[in-house]
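What follows is one chain in structure tokens, specifically the form predicted on its own.
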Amino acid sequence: MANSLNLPSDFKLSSPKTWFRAATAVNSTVLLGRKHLYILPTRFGWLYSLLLVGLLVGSINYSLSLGFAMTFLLAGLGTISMLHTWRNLAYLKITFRRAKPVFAGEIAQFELVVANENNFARYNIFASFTGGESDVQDIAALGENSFKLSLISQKRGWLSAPRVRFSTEFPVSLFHVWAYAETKSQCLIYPNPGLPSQRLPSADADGASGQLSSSQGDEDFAGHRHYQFGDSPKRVDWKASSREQGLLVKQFQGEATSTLWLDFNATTGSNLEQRISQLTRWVLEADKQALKYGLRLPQQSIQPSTGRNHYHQCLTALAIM
């Protein structure tokens, strides 16, 4: 029935969101073609139509030539504005950029780039997720602009962006044109970190191992790190600490350093999410203190390392666990 009436393939009378076609991605680009655009008069458009009807009835009753001329002139201007409003949104190309990961409970931001391949500018283009706040931009002729749309993340894992609604009422707000675009864009949501009181395990505690490793150099100064319980007071850089930078400890190349293992079996949470949350807190603390750490999970083990890539690798493993 839906195909015979040229309706969307997923059309359901009981589900209004399926009543309209949505443009889908082809080679990672979405094109807002003719069959994806819908147009209706705005409130001002309906009032404008009533005004035209009133002018026409009055002109007929009183045989006013000037009234007929005014009626047809305004009707023509309204028709032209409808064409320009439709053209303001038609044939825009949308590309979705990769969203940056955030922690559960934070706002995930999706960025999409809208390109205009025609030689006339587009004005007052609105983009929004269903029920979300809109971002409005102008797009220059043969140019492009980026829209940033936000969603509140609720749980760890992959957050898929819903369909995006594009709309405009330019130039005179007599007509409202809109279209929907489906996106396969996703944002990785890291687990919500546990409480700051969940301190890192010591190197000789259950689930963590201290493994000495040495690097070349004869006690050459290599920088600072934050003070940890048990550090020798002789290593504290009191001058740097006095500049309100926190309690800092000197690090030297060639000294023995410990490797920390963050083990799922060493966590104390009462359920899976609490234990993952505790591991997330440990990863944050180990990265903050510039420690060399590894991560042991029930079905995966990440070898000890440091740096931002290792940090994101550990959080990704926890997010999709």
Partner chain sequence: MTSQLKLQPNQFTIHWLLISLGITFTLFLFHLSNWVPASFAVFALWRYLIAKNNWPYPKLWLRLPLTFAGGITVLVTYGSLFGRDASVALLAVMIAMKLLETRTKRDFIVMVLLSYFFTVNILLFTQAIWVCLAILFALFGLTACLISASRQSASSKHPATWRVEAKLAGKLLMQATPIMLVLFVLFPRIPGPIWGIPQDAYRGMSGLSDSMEPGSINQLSLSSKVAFRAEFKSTIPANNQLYWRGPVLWHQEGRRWTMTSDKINLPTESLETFGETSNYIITLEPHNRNWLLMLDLQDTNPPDTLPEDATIKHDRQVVSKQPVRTRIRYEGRAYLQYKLASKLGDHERSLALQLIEDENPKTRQLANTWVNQQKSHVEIIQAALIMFRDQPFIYTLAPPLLGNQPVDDFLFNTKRGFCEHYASSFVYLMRAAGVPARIVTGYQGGELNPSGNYLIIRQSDAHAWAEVWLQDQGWVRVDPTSAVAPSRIESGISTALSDSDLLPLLSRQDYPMLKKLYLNWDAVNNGWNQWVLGYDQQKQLALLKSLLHRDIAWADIGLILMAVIIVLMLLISYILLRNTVVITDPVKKAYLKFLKKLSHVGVNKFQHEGVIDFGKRAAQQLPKHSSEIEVISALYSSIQYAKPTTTKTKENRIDNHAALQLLKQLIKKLTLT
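Residue numbers count along the first chain shown, from 1. Predicted model, so just to flag it, every value in this text is computed and none were measured.
The same protein has a further form, the form predicted in complex with the partner chain, not shown here; the description that follows concerns it.
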Inset, instruction - Report whether all of L55, N61 and G67 sit within 4.5 Å of the partner chain in the predicted complex, measuring from non-hydrogen atoms. - result: yes
Legend entry - Contact residue in the predicted complex, from N192, T183, S153, S167 (heavy atom within 4.5 Å of the partner chain): S167
Inset, instruction - May I ask you to state whether Y48 is within 4.5 Å of the partner chain in the predicted complex, using heavy atom distances? - result: yes
Legend entry - Close approach of E117 to the partner chain in the predicted complex, 4.5 Å, heavy atom: yes
Inset, instruction - Considering only heavy atoms, tell me if D135 and the partner chain come within 4.5 Å of each other in the predicted complex. - result: yes
Legend entry - Residue contact check: A161 to the partner chain in the predicted complex, 4.5 Å heavy atom: no
